[in-house]
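Just one chain follows, in the form predicted on its own, and it is written as structure tokens.
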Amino acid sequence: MYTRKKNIFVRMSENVNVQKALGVILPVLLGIVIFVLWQTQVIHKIFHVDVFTLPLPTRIVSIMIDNISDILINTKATVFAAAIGLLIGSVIGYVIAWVADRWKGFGSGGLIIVTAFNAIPIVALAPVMTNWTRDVSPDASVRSMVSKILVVMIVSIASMSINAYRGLTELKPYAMDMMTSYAAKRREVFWKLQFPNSVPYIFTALRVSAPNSVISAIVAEYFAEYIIGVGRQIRENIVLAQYSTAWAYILTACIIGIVFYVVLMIVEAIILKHRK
């Protein structure tokens, strides 16, 4: 029986390696197109803006190079707040998920409350945290760092708790029955069954929380007392009409978010390499 041969485009669409390559090539091509349109001022004509408000990419990069030492100092402050807040929030979120699974009646209500926290806008949460931390330390830099970490922490808790709870409860069929038949203790059930099953869900939560932690830290810096951090520099330079410098810090914020996500993907690939 004659079978019609698939054309090259169909074969390429069904090839896994081709799909992976396209997942990298297409975003890069899109970035190149945007860069060319921006540099040639086509975007300026489309949106009716001038090069003072929207500087050319080459100008932004030159500003970054000229101010690299200051940018690194501010980047360090933002990365520290985002990373520590993400870590603490993720741990607390996982603990909440474990409590929700351990004590069903109490835990389900806790998850609802945590989910409600996720609906609080960062721009509303950040000023509140700034006021709450005024008595933490006489040092404004310490107070600002604590308030930023708290904002990131709260934002990170909800995603982790919800996804971790799914990982702890959505087990393979009869897995819990098998552990019961082995007379496994609750601690053994957690470490040998539930925790390994929840690991992919942890990374699912971190995929959301990692970029959000950077955004949260930057927004929190808008309202912080101490004038340091990428977010605060964006605000200060916009107020002073230093748009080129502001865009340099905006580009820095984008790079931080991308680095966070790439590092997470690398760690996930290493940890889940042999997991089916």
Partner chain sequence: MMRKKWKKTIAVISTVSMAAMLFAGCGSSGNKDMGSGDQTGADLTSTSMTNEEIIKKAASEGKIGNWGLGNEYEVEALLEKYGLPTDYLSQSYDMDSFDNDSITLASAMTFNELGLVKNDYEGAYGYGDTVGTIDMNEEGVAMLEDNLFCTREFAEQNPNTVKNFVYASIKGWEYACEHPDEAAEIVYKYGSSVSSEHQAYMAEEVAKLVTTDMDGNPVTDIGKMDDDAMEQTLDLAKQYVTLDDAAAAKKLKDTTLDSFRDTSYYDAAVASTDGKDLGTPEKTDVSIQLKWLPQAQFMGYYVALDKGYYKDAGLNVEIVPGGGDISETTAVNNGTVDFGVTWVTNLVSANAGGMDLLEVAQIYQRSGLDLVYKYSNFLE
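Here the structure is a predicted model, which is why all the values come from computation and not from measurement. Numbering follows the first chain given and starts at 1.
One more form of this protein, predicted in complex with the partner chain, exists but is not displayed; see below.
Which listed residue (T58, T40, S69, T53) meets the criterion of a heavy atom within 4.5 Å of the partner chain in the predicted bound form? Contact check passes for T53.
My question is simply whether M129 lines the interface with the partner chain in the predicted bound form - judged by any non-hydrogen atom within 4.5 Å. It does: once the partner chain is placed as it appears in the predicted bound form, M129 has a heavy atom within 4.5 Å of it.
Would F80 show up as a contact with the partner chain in the predicted bound form if we use heavy atoms at 4.5 Å? F80: no contact with the partner chain in the predicted bound form.
Is K185 one of the residues lying within 4.5 Å of the partner chain in the predicted bound form, judged by heavy atom distances? Flag for K185 set to no.
Just checking whether I227 would be counted as a contact of the partner chain in the predicted bound form - the rule being heavy atoms within 4.5 angstroms. Close contact exists here: in the predicted bound form, I227 approaches the partner chain to within 4.5 Å, heavy atoms only.
Which one, 120-128, 82-90, 164-172, 191-199, holds residues whose non-hydrogen atoms are within 4.5 Å of the partner chain in the predicted bound form? Single hit among the candidates: 120-128.
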